[in-house]
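Only one chain is included here, represented as C-alpha coordinates and corresponding to the form predicted alone.
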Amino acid sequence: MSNVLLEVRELTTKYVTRFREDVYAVDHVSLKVEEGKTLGIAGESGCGKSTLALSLMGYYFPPLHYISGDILINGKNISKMKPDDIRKSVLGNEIAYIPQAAMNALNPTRRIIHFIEDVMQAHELYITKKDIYNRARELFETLGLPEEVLHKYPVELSGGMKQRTVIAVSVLLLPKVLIADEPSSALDVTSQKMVIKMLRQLMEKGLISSLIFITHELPLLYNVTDDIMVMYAGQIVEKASSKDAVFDPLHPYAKGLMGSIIVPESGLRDVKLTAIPGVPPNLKNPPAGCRFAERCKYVRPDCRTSSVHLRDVNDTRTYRCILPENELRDIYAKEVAQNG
(Lines give C-alpha, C1' and ligand atoms only; values in the text may rest on other atoms or scores of the structure.)
Protein backbone atom coordinates (compact mmCIF):
# COMPACT_ATOMS: atom_id res chain seq x y z
CA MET A 1 0.00 0.00 0.00
CA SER A 2 1.36 3.42 -0.99
CA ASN A 3 2.28 5.95 1.66
CA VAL A 4 0.93 9.43 0.91
CA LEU A 5 3.36 12.01 2.31
CA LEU A 6 1.57 15.11 1.06
CA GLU A 7 -2.14 15.44 0.43
CA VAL A 8 -3.86 18.67 -0.56
CA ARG A 9 -7.64 18.96 -0.58
CA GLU A 10 -9.42 21.84 -2.32
CA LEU A 11 -6.78 24.39 -1.36
CA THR A 12 -7.67 28.01 -2.10
CA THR A 13 -5.39 30.97 -1.40
CA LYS A 14 -5.49 34.57 -2.54
CA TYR A 15 -3.51 37.78 -2.72
CA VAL A 16 -5.06 41.01 -1.51
CA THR A 17 -3.86 44.08 -3.41
CA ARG A 18 -3.33 47.50 -1.87
CA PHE A 19 -6.70 48.43 -3.34
CA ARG A 20 -8.31 45.54 -1.37
CA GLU A 21 -8.89 43.51 -4.52
CA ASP A 22 -8.82 39.71 -4.23
CA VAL A 23 -6.64 37.70 -6.62
CA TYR A 24 -7.30 33.96 -6.31
CA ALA A 25 -3.93 32.57 -7.43
CA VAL A 26 -4.66 29.02 -6.17
CA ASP A 27 -8.25 27.97 -6.71
CA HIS A 28 -9.52 24.65 -5.26
CA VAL A 29 -6.35 22.68 -5.97
CA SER A 30 -6.10 19.05 -4.86
CA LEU A 31 -3.12 16.72 -5.22
CA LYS A 32 -1.27 13.81 -3.65
CA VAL A 33 2.43 12.97 -3.49
CA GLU A 34 3.39 9.45 -2.48
CA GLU A 35 6.60 8.26 -0.88
CA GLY A 36 9.30 7.63 -3.46
CA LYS A 37 7.46 9.59 -6.16
CA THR A 38 8.15 12.87 -7.92
CA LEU A 39 5.45 15.30 -9.08
CA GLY A 40 6.07 17.96 -11.69
CA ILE A 41 4.05 21.18 -11.82
CA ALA A 42 4.12 23.05 -15.12
CA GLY A 43 2.55 26.15 -16.58
CA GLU A 44 3.42 29.58 -17.93
CA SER A 45 4.44 32.47 -15.68
CA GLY A 46 1.60 33.72 -13.50
CA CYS A 47 -0.40 30.48 -13.49
CA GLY A 48 -0.01 29.99 -9.71
CA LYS A 49 2.86 27.48 -9.48
CA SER A 50 5.03 29.41 -7.03
CA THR A 51 2.02 30.58 -5.01
CA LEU A 52 0.99 26.94 -4.65
CA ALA A 53 4.50 26.09 -3.44
CA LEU A 54 4.42 28.83 -0.80
CA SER A 55 0.95 27.76 0.25
CA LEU A 56 2.06 24.14 0.70
CA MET A 57 4.71 25.39 3.12
CA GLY A 58 2.25 27.45 5.13
CA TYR A 59 4.00 30.68 4.09
CA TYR A 60 0.97 32.92 4.48
CA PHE A 61 2.46 36.36 4.75
CA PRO A 62 0.56 39.39 3.40
CA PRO A 63 -0.40 39.94 0.68
CA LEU A 64 -0.87 36.10 0.47
CA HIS A 65 -3.76 34.73 2.54
CA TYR A 66 -5.12 31.26 3.23
CA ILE A 67 -8.82 30.88 2.40
CA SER A 68 -9.81 27.22 2.65
CA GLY A 69 -8.76 23.62 2.14
CA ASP A 70 -6.49 21.14 3.86
CA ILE A 71 -2.74 20.49 3.59
CA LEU A 72 -1.68 17.21 5.19
CA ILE A 73 2.07 16.63 5.45
CA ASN A 74 2.89 13.17 6.75
CA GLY A 75 -0.51 13.15 8.44
CA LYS A 76 -0.23 16.64 9.98
CA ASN A 77 -2.86 19.12 8.82
CA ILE A 78 -0.76 22.29 8.75
CA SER A 79 -3.70 24.41 7.60
CA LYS A 80 -4.97 24.06 11.19
CA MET A 81 -1.61 24.81 12.84
CA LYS A 82 -0.19 28.09 14.11
CA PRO A 83 2.69 29.62 12.07
CA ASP A 84 5.17 29.18 14.92
CA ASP A 85 4.28 25.51 15.28
CA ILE A 86 4.69 24.99 11.53
CA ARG A 87 8.11 26.62 11.63
CA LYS A 88 9.29 24.56 14.61
CA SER A 89 7.97 21.10 13.77
CA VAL A 90 7.22 21.01 10.04
CA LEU A 91 9.44 23.27 7.97
CA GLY A 92 12.80 21.71 7.25
CA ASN A 93 11.88 18.45 8.97
CA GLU A 94 8.75 17.36 7.09
CA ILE A 95 8.87 19.65 4.06
CA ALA A 96 11.52 21.95 2.60
CA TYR A 97 11.53 24.54 -0.15
CA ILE A 98 14.07 25.66 -2.74
CA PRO A 99 12.78 29.10 -3.82
CA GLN A 100 13.00 30.75 -7.20
CA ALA A 101 16.26 32.68 -7.59
CA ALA A 102 17.76 30.28 -5.05
CA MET A 103 21.21 31.53 -6.01
CA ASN A 104 20.32 34.74 -4.16
CA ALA A 105 19.06 32.92 -1.05
CA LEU A 106 22.48 32.79 0.60
CA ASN A 107 23.64 35.64 2.85
CA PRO A 108 26.45 37.33 0.84
CA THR A 109 28.21 38.53 4.01
CA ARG A 110 28.56 35.10 5.63
CA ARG A 111 30.52 31.99 4.76
CA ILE A 112 28.43 28.98 3.79
CA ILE A 113 29.19 27.12 7.04
CA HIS A 114 28.01 30.08 9.12
CA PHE A 115 24.77 30.21 7.14
CA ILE A 116 24.33 26.48 7.80
CA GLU A 117 24.96 27.03 11.52
CA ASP A 118 22.12 29.57 11.60
CA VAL A 119 19.77 27.10 9.94
CA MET A 120 20.68 24.15 12.14
CA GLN A 121 20.66 26.05 15.44
CA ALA A 122 17.19 27.42 14.65
CA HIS A 123 15.88 23.84 14.68
CA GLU A 124 18.25 22.07 17.08
CA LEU A 125 19.02 24.45 19.94
CA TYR A 126 21.70 22.35 21.62
CA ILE A 127 23.62 21.11 18.60
CA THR A 128 27.33 22.00 18.67
CA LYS A 129 29.21 23.75 15.88
CA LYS A 130 31.44 20.68 15.56
CA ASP A 131 28.42 18.43 14.98
CA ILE A 132 27.00 20.93 12.49
CA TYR A 133 30.26 21.01 10.56
CA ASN A 134 30.57 17.23 10.47
CA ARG A 135 26.98 16.80 9.30
CA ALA A 136 27.39 19.47 6.63
CA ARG A 137 30.69 18.03 5.42
CA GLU A 138 29.26 14.51 5.14
CA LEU A 139 26.20 15.76 3.27
CA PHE A 140 28.24 17.87 0.87
CA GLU A 141 30.57 14.97 0.15
CA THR A 142 27.60 12.66 -0.41
CA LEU A 143 26.25 15.08 -2.99
CA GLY A 144 29.57 15.63 -4.72
CA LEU A 145 30.26 19.09 -3.30
CA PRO A 146 33.84 19.70 -2.10
CA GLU A 147 34.36 20.44 1.59
CA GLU A 148 36.07 23.72 0.72
CA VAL A 149 32.71 25.16 -0.34
CA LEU A 150 31.75 25.34 3.35
CA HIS A 151 34.45 27.96 3.92
CA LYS A 152 33.59 30.18 0.96
CA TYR A 153 31.38 33.23 0.60
CA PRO A 154 28.54 32.97 -1.94
CA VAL A 155 30.29 35.47 -4.24
CA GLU A 156 33.17 33.01 -4.62
CA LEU A 157 30.89 30.35 -6.11
CA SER A 158 29.60 29.99 -9.65
CA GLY A 159 25.85 30.15 -10.31
CA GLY A 160 25.58 26.38 -10.64
CA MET A 161 27.60 25.79 -7.47
CA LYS A 162 25.46 28.26 -5.49
CA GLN A 163 22.33 26.51 -6.69
CA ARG A 164 23.65 23.10 -5.67
CA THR A 165 24.74 24.51 -2.30
CA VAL A 166 21.25 25.86 -1.62
CA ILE A 167 19.80 22.45 -2.49
CA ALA A 168 22.21 20.77 -0.07
CA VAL A 169 21.33 23.22 2.71
CA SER A 170 17.61 22.62 2.14
CA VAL A 171 17.93 18.90 2.94
CA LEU A 172 20.14 19.19 6.04
CA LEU A 173 17.22 18.11 8.24
CA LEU A 174 16.24 15.26 5.88
CA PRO A 175 12.74 16.48 4.95
CA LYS A 176 10.17 14.01 3.71
CA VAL A 177 9.06 16.29 0.85
CA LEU A 178 11.24 18.72 -1.07
CA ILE A 179 9.70 21.44 -3.27
CA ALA A 180 12.07 22.74 -5.96
CA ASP A 181 10.73 25.91 -7.57
CA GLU A 182 12.40 26.51 -10.96
CA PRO A 183 15.70 25.04 -9.67
CA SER A 184 17.35 25.01 -13.10
CA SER A 185 16.30 28.44 -14.37
CA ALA A 186 18.99 31.02 -15.18
CA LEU A 187 21.59 28.24 -15.49
CA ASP A 188 23.52 27.07 -18.52
CA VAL A 189 22.79 23.61 -19.90
CA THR A 190 25.72 21.96 -18.11
CA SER A 191 24.73 23.43 -14.74
CA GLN A 192 21.10 22.44 -15.34
CA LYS A 193 22.16 18.83 -15.86
CA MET A 194 24.20 18.90 -12.64
CA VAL A 195 21.27 20.30 -10.65
CA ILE A 196 18.88 17.68 -12.04
CA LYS A 197 21.41 14.94 -11.32
CA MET A 198 21.71 16.22 -7.76
CA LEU A 199 17.93 16.15 -7.26
CA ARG A 200 17.88 12.55 -8.44
CA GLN A 201 20.68 11.70 -6.00
CA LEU A 202 18.62 13.10 -3.12
CA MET A 203 15.95 10.50 -3.88
CA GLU A 204 18.37 7.66 -4.60
CA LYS A 205 20.35 8.21 -1.40
CA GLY A 206 17.23 8.51 0.75
CA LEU A 207 17.91 12.12 1.79
CA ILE A 208 14.35 13.01 0.77
CA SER A 209 11.32 10.76 0.31
CA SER A 210 9.50 12.64 -2.45
CA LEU A 211 10.01 15.63 -4.73
CA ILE A 212 7.85 18.35 -6.25
CA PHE A 213 9.57 19.94 -9.24
CA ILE A 214 8.11 23.22 -10.52
CA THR A 215 8.98 24.67 -13.92
CA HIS A 216 7.50 26.34 -16.99
CA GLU A 217 9.44 23.89 -19.17
CA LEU A 218 7.06 20.95 -19.38
CA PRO A 219 9.44 18.67 -21.38
CA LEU A 220 12.12 19.05 -18.70
CA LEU A 221 9.82 17.27 -16.26
CA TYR A 222 9.72 14.16 -18.44
CA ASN A 223 13.26 13.29 -17.34
CA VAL A 224 12.72 14.08 -13.66
CA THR A 225 9.18 13.25 -12.53
CA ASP A 226 6.71 10.38 -12.40
CA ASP A 227 3.60 12.53 -12.86
CA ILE A 228 2.95 16.01 -14.18
CA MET A 229 0.28 18.49 -13.15
CA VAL A 230 -0.42 21.39 -15.53
CA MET A 231 -1.75 24.62 -14.01
CA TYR A 232 -3.50 27.50 -15.72
CA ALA A 233 -4.92 30.63 -14.10
CA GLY A 234 -4.78 29.15 -10.60
CA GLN A 235 -6.43 25.84 -11.47
CA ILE A 236 -5.31 22.34 -12.40
CA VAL A 237 -6.19 21.70 -16.03
CA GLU A 238 -4.53 18.30 -16.43
CA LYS A 239 -2.75 15.67 -14.36
CA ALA A 240 -1.19 12.62 -15.98
CA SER A 241 1.89 10.43 -16.04
CA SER A 242 4.97 12.25 -17.31
CA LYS A 243 4.92 10.22 -20.54
CA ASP A 244 1.26 11.02 -21.25
CA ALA A 245 1.59 14.69 -20.30
CA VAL A 246 4.53 15.21 -22.69
CA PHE A 247 3.75 12.86 -25.58
CA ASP A 248 -0.06 12.72 -25.37
CA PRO A 249 -1.43 15.88 -23.68
CA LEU A 250 -5.21 15.97 -23.57
CA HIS A 251 -6.28 19.43 -22.38
CA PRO A 252 -6.03 22.09 -25.14
CA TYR A 253 -3.78 24.27 -22.93
CA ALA A 254 -1.44 21.40 -22.09
CA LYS A 255 -1.29 20.54 -25.79
CA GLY A 256 -0.61 24.15 -26.70
CA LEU A 257 2.09 24.37 -24.04
CA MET A 258 3.88 21.35 -25.52
CA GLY A 259 3.45 22.69 -29.05
CA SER A 260 5.14 25.99 -28.17
CA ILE A 261 8.37 24.46 -26.86
CA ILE A 262 11.34 23.02 -28.69
CA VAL A 263 11.64 19.41 -27.53
CA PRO A 264 14.71 17.23 -28.18
CA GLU A 265 12.97 13.94 -27.34
CA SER A 266 12.56 11.47 -30.17
CA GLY A 267 9.09 11.63 -31.68
CA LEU A 268 8.62 15.34 -31.02
CA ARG A 269 11.56 16.88 -32.87
CA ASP A 270 9.67 17.45 -36.11
CA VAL A 271 6.51 18.86 -34.54
CA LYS A 272 5.80 22.35 -35.86
CA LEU A 273 6.05 25.04 -33.18
CA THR A 274 2.85 26.96 -32.50
CA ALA A 275 2.16 29.85 -30.14
CA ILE A 276 -0.76 30.08 -27.75
CA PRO A 277 -2.55 33.33 -28.67
CA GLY A 278 -3.62 35.91 -26.12
CA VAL A 279 -2.80 36.20 -22.42
CA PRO A 280 -4.13 34.54 -19.25
CA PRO A 281 -7.26 36.05 -17.67
CA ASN A 282 -7.14 38.66 -14.94
CA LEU A 283 -7.69 36.70 -11.71
CA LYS A 284 -9.15 39.73 -10.00
CA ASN A 285 -12.21 39.01 -12.12
CA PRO A 286 -11.89 35.49 -13.60
CA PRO A 287 -14.30 34.38 -16.34
CA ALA A 288 -17.42 32.46 -15.34
CA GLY A 289 -16.72 29.45 -17.54
CA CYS A 290 -13.47 27.93 -18.74
CA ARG A 291 -10.53 30.19 -17.93
CA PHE A 292 -8.77 29.13 -21.11
CA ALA A 293 -11.78 29.81 -23.36
CA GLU A 294 -10.56 33.13 -24.80
CA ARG A 295 -7.31 31.51 -25.98
CA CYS A 296 -8.66 28.11 -27.03
CA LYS A 297 -9.16 27.40 -30.74
CA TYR A 298 -11.66 24.64 -29.89
CA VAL A 299 -13.91 26.91 -27.82
CA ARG A 300 -17.68 26.34 -27.84
CA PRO A 301 -20.39 28.72 -26.62
CA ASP A 302 -20.89 26.63 -23.46
CA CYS A 303 -17.21 27.01 -22.56
CA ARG A 304 -17.73 30.66 -21.64
CA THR A 305 -20.78 30.08 -19.44
CA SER A 306 -20.72 26.56 -18.00
CA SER A 307 -18.78 25.53 -14.90
CA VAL A 308 -15.89 23.32 -15.93
CA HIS A 309 -14.88 20.51 -13.59
CA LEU A 310 -12.07 17.98 -13.69
CA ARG A 311 -12.91 14.82 -15.65
CA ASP A 312 -11.43 11.48 -14.64
CA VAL A 313 -9.99 9.48 -17.54
CA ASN A 314 -8.54 6.75 -15.34
CA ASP A 315 -6.94 6.37 -11.91
CA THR A 316 -3.93 8.49 -12.89
CA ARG A 317 -5.32 11.00 -15.37
CA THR A 318 -7.71 13.94 -15.10
CA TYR A 319 -8.37 17.03 -17.20
CA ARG A 320 -10.59 20.13 -17.02
CA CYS A 321 -12.68 20.58 -20.18
CA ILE A 322 -16.32 20.35 -21.23
CA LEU A 323 -15.34 18.21 -24.24
CA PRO A 324 -15.24 14.42 -23.69
CA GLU A 325 -11.95 12.63 -24.22
CA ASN A 326 -13.04 10.91 -27.45
CA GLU A 327 -14.18 14.20 -28.98
CA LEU A 328 -10.89 15.90 -28.16
CA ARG A 329 -8.91 13.02 -29.64
CA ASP A 330 -11.00 13.15 -32.82
CA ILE A 331 -10.25 16.86 -33.15
CA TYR A 332 -6.52 16.33 -32.65
CA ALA A 333 -6.46 13.42 -35.12
CA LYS A 334 -8.15 15.51 -37.81
CA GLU A 335 -5.61 18.30 -37.27
CA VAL A 336 -2.73 15.87 -37.72
CA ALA A 337 -4.30 14.51 -40.91
CA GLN A 338 -4.85 18.01 -42.32
CA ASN A 339 -1.30 19.10 -41.56
CA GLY A 340 0.11 15.97 -43.19
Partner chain sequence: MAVDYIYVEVILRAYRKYFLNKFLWFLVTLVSAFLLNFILPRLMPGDPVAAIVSRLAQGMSNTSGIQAIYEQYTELFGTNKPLLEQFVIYVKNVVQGDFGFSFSQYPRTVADVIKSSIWWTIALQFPAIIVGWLIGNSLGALAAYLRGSFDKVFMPISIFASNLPAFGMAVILMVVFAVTLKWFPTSGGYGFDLIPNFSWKFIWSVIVHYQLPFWSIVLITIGGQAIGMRSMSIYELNADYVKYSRFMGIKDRKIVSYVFRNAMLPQITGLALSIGTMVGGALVAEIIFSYPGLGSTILTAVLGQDYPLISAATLIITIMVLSANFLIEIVYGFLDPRIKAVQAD
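This structure is a prediction, so every number in the text was calculated from the model and none was measured. Positions refer to the first chain, counted from 1.
Just so you know, the form predicted together with the partner chain exists too; it's not on screen, but the next bit is about it.
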> With the cut-off set at 4.5 Å between non-hydrogen atoms, does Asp118 touch the partner chain in the predicted complex?
Replying inline: yes
> Is there a heavy atom of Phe247 lying 4.5 Å or less from a heavy atom of the partner chain in the predicted complex?
Replying inline: no
>> Is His151 near the partner chain? Define near as a heavy atom within 4.5 Å, in the predicted complex.
In response: yes
>> Residue-level contact is defined here as any heavy atom of the residue lying within 4.5 Å of the partner chain in the predicted complex; does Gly160 satisfy this criterion?
In response: no
> in the predicted complex, which of 168-176, 230-238, 74-82, 134-142 comes within 4.5 Å of the partner chain (heavy atoms)?
Replying inline: 168-176
>> Exactly one residue in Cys296, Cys303, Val29, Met57 has a non-hydrogen atom within 4.5 Å of the partner chain in the predicted complex; which is it?
In response: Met57
>> Just to confirm, with a 4.5 Å cut-off on non-hydrogen atoms, which of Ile113, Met198, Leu207, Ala105 contacts the partner chain in the predicted complex?
In response: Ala105
>> Each of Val23, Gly40 and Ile67 having a non-hydrogen atom within 4.5 Å of the partner chain in the predicted complex: is that the case here?
In response: no
>> Using a 4.5 Å heavy atom cutoff, which residues in 74-95 contact the partner chain in the predicted complex? It's fine if the answer is none.
In response: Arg87, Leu91, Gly92
